[in-house]
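Consider the single chain below, provided in structure tokens and representing the form predicted alone.
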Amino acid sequence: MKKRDFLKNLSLVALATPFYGSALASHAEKASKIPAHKLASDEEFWLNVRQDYKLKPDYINLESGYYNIIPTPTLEALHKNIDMVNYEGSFYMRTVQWANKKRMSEKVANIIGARKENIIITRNATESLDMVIKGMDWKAGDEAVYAIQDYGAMKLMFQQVAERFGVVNKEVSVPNHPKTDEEIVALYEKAITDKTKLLMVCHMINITGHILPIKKICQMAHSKGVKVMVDGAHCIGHFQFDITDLECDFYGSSLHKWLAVPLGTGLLYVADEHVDTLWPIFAEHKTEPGDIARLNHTGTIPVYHDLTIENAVDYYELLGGKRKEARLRYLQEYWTGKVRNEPKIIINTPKESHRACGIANVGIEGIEPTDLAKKLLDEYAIFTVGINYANVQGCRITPNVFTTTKELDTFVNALKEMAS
């Protein structure tokens, strides 16, 4: 990008978001001149980005997967949005609330290659995906397919529809280290029968960070007349993709994770042909055919969180999706590369770059994952989370753009000490 164009874009962004006090904004021109793969290892640049975050000094935070701490410019925008909504009160809620929510949908749609007509803002990925599972017109004997590595809330909803409607659920197990995409596709294909109605698959498995070949899985399922719902809770704002290129039918995500929107914001994508087929969670007035708003009646919610989607997206775009993805993958490969061949240390995440990004999972032989997480916190002041189910035994490690390689060196040394 030329300097003049970059500064023009920067000024346009600043109209929506007060970046003038942002450390990122003052160093963004440098970022525009360096290829993403080279900037990924530029510690000076990322230390400047770190200045945009207020971080608790008591521990090294390697648990960004549950909730991403939001940068100060976005946090300040949230406070202003709260003040504005409180100032206008019911006037805001009765006049522009829904128009603004549609604008937020379009804002997110633009960064994932979707049309705003296929996107609604929800409260999290669980709400998005459970709306699809519960909202389908199930009949006794219908079958659903998903993996034991999938998120618990969705599996619980599948169990509920099984009990209510007589649906048969089939589980597969995704290997931590597949040899090929076809190996994964075949796992799901073998579970499909002529009664299969819906296949759920993770875009990125939350406990390992494993990125699955979604397009190939969707093409296989569609060839057999099966709809595909993708759990992308950890993907938007983490790595770049075009949602239409995935060819999925439904896609749910949590925006409070890697897009760093305030808590209570999520997204649901529904392909055109399915908009009118789902039962909404809350009953809605009759709408025109194909209007996805029929699925978006939620009752009264903290609308200022939704409003702040715009500010979070602006910050994400200033940082640059390609640059952020490159940094997150660099950090993951930085620390995993130092311990993959260490005795007693087990990496539960694929080595190939296209199969992972910022998230990885590590275990130590002879140490229970919860004990490992406790030792890391108590003895090394490193905060993470233990995972011990679905053939995954280890701690999920989720650095962020504010994480330094120096912090990761501390983590690597801790792993080596415990393993020895």
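Only a predicted model underlies this, so the values are computations on that prediction, with no experimental measurement involved. Start at 1 and count along the sequence shown; that's the residue number.
The same protein has a further form, the form predicted in complex with a small molecule, not shown here; the description that follows concerns it.
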Do H210 and the small molecule come within 4.5 Å of each other in the predicted bound form, heavy atoms counted? no
Evaluate D231 for contact with the small molecule in the predicted bound form, applying a 4.5 angstroms cut-off between non-hydrogen atoms, and reply yes or no. yes
H256: touches the small molecule in the predicted bound form, heavy atom cutoff 4.5 angstroms: yes
May I ask you to state whether T336 is within 4.5 Å of the small molecule in the predicted bound form, using heavy atom distances? no
Which listed residue (L328, I119, A125, V313) meets the criterion of a heavy atom within 4.5 Å of the small molecule in the predicted bound form? A125
The one residue among Y151, F241, F250, F158 placing a heavy atom within 4.5 Å of the small molecule in the predicted bound form is Y151
Options 181-189, 87-95, 338-346, 200-208; stretch whose heavy atom lies within 4.5 Å of the small molecule in the predicted bound form: 200-208
